[in-house]
Ligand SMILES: Nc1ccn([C@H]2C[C@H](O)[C@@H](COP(=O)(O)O)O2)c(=O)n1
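Listed next as structure tokens is one chain, alone, in the form predicted on its own.
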Amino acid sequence: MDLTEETKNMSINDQNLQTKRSGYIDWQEYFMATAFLAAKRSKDPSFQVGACVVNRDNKIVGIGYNGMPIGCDDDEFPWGKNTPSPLDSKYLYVCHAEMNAIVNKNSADVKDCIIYVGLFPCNECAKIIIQSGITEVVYLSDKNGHKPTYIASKRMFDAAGVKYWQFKPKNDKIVINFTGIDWENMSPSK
């Protein structure tokens, strides 16, 4: 390779480093992906749901997933759904992702925030969302929308003026690959 060709290749590489990268995810995909990543922490064998609360400055102020309350050993409490006794069912014990995201907030409040969640909120979570001051719910699935619990959520959101809408992802998946960035061969900062 002669010096002219090498200089030409260097200027193309330099030019690529002078413009922003394409192919990055937008804010909404980032926040929904964060909710889905949080769901990976859930030990629930039936549903793994995550939630991400975001303020108007696009800052994450709370993340949660469905699981047992703090201090309640998840090896000691039930995870079953259809049990002979209600006391042996997870429904009396599990905290939903929305509740955990709101109570785990890292700010004074979540007033005027948006919550991103994989599954449309149930009526109990809708109450917490409304009471916390969250003004918008972005969800991926409304698979239970026909059930009274979720119809009640929509009625309360409508009455309280909480906007809700279904997220339609641009990407089927977002992969996190811990070895996907070649740190050793990145351009040094100048």
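Note that residue numbering follows the sequence shown and begins at 1. These numbers were taken from a predicted model, which means no experiment stands behind them.
The next section is about a form of this same protein that is not shown, the form predicted in complex with this ligand.
Within 4.5 Å of this ligand in the model of the complex, a heavy atom is found for all three of Asn66, Tyr91 and Phe120. Using a 4.5 angstroms limit between non-hydrogen atoms, Tyr30 is distant from this ligand in the model of the complex. At the 4.5 Å threshold, heavy atoms of Lys81 reach this ligand in the model of the complex. This ligand in the model of the complex is not approached by Lys163, whose heavy atoms all lie more than 4.5 angstroms from it. At the 4.5 Å threshold, heavy atoms of Lys143 reach this ligand in the model of the complex.
With the partner omitted here, the stretch from 154 to 162, 30 to 38, 130 to 138, 46 to 54 that lies within 4.5 Å of this ligand by heavy atoms in the model of the complex is 46 to 54.
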